[in-house]
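One chain comes next, on its own, written as structure tokens: the form predicted on its own.
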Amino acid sequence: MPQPLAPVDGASLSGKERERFAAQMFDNLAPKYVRLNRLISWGADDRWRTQAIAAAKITPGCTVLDLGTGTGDLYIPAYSAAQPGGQVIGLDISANMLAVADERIRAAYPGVPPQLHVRSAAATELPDASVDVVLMGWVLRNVGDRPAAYREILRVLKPGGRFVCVETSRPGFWPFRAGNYVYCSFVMPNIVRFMGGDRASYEYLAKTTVNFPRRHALSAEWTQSGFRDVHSQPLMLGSIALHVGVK
């Protein structure tokens, strides 16, 4: 049974408190999350993930870390791209999301046990320089300490390894930005509520979407954290962005 979230402003939390809130929220949403993603993105989220996989330049034999695996939407195509001989490791703070991912991955690749673990972005427990690619899909805004996550990603990436992230953004052109604000603050929360999320969950998703750094600001944050060759691409009129950085 879903457990009601604490009546707090989850978007104002940081560190482990932010991640505990997000973990419980996604545990509650897990059974309906795949459908929820399709509704919120108007069915475009699969196309964006395809672009992320292409940007990651995964080759056979690669080791890929899907950081914030969720229900496995990036894990599945990443595993295909890494074959033969590669592997994908999926980490997430929500056990219920990983349970859904496990079922979906086993259906896609019978006989291949998924590598899924409940861990945070700042504490992957992976060896130094052990990963060729790190993927993130709509995860970074839920991370309680982004600088710590960046340090961990740089630690586990091999030299030349790529960090690819799809995340919310805000359009630069003000009419699009106004429309995005209306959608994120009013339309999206009602979709989440319709799908079974409680008030705290849809308010959190709305606020973290609207308040997350815009595309160029996030790129600057990556560069300051030590990534090189950082670049980004606006998607859906700038309301989504695809970011790439290299160790």
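Fair warning: this is a prediction, and the values are worked out from it, not measured in the lab. In case it trips you up, residue 1 is the first one in the sequence shown, and so on.
Note that the form predicted together with a small molecule isn't included here; everything after this is about it.
Does residue 119 make contact with the small molecule in the predicted bound form, using a 4.5 Å heavy atom cut-off?
Result yes; residue 119 sits at the interface with the small molecule in the predicted bound form.
Does residue 94 make contact with the small molecule in the predicted bound form, using a 4.5 Å heavy atom cut-off?
Yes, residue 94 is a contact residue.
Is there a non-hydrogen atom of residue 79 within 4.5 angstroms of a non-hydrogen atom of the small molecule in the predicted bound form?
Contact with the small molecule, no.
Is the gap between residue 132 and the small molecule in the predicted bound form 4.5 Å or less for some heavy atom pair?
No, residue 132 is distant from the partner.
With the small molecule left out of view, which of 33, 222, 202, 212 would have a heavy atom within 4.5 Å of it in the predicted bound form?
Of 33, 222, 202, 212, the residue with a heavy atom within 4.5 Å of the small molecule in the predicted bound form is 33.
So the small molecule isn't shown here. In the predicted bound form, which residue out of 164, 139, 89, 153 has a non-hydrogen atom within 4.5 Å of it?
So the residue touching the small molecule in the predicted bound form, by this definition, is 139.
Sort through 153 to 161, 81 to 89, 106 to 114, 68 to 76 and report the only stretch with a non-hydrogen atom within 4.5 Å of the small molecule in the predicted bound form.
Checking each option against the 4.5 Å cut-off leaves 68 to 76.
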